[in-house]
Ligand code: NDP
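Given next, in structure tokens, is a single chain: the form predicted on its own.
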């Protein structure tokens, strides 16, 4: 294996120290941050994420609330739950966990969020501010991707302020919470950004774009969609995929990414693993945003 494996756990631990200090400052000023999650249905990955956030919030001493809704809930009832959390003074940040069932529109439910509690920047107001380069909140997963990239670049002796200038940054996946925000963050760093998606794949063009990538960020939700055959030597590859795969022999479920790790690592300069890569940083960053939301509302 030629690639440097980026240690997301170590970066998350470092970020957590800063978050704990910030949390202490806010509490000392008389404000207690609070996070609420909304889970619709029983998706395995969403449940795992909720459990991690609950544990982290409790360890920090952050107020935590969880709303678990039936998969067949009517959209109006889901909206009512969001309205309740918007009005709850104990809650400074709200996270709507994906995926959502078909009868609950992402676009509709995101619009019901209080923009000042929308710590994932999915409300149109916050998404627009991010696109304009004036973010109120930077969504946790794309923020974690670039936190990881910036630190790797810095640790390898290069300047993150100039490193991205003109480089080809290829994103695979255009979701509202990862792919699209990552596009804006890449442009803010002066990278040449290409956004690939299902139609890119259907047109047979995905390998063409990935072979040109200096930096590859994959958030497709498809296990092993990227192999070493379709990346170039020296690529920096960041895997955002979180896929639950059942082992046919043992029957146990394990989490894997979107990269075929071994084959991509054989050609990459650096690579992030799954698990232990972007995920741990994302958890901490979401709490960071929750604290910032509490600070913002209290005008601290």
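Quick caveat, the model's predicted, so the values are computed rather than measured. Positions refer to the first chain, counted from 1.
What comes next is about the form predicted in complex with this ligand, which is not displayed.
Remark: of stretches 109 to 117, 190 to 198, 160 to 168, 129 to 137, the one touching this ligand in the predicted complex is 190 to 198 (heavy atom within 4.5 Å). Against this ligand in the predicted complex, the set 6, 228 and 271 makes no contact: no member has a heavy atom within 4.5 Å. Though the partner is left out of this view, residue 240 does reach within 4.5 Å of this ligand in the predicted complex, counting heavy atoms only. Using a 4.5 angstroms threshold between heavy atoms, residue 217 stays clear of this ligand in the predicted complex. Heavy atoms of residue 98 reach within 4.5 Å of this ligand in the predicted complex, making it an interface residue. The shortest heavy atom separation between residue 211 and this ligand in the predicted complex exceeds 4.5 Å. Residues of 138 to 175 placing a heavy atom within 4.5 Å of this ligand in the predicted complex, in sequence order: 141, 172, 173, 174, 175.
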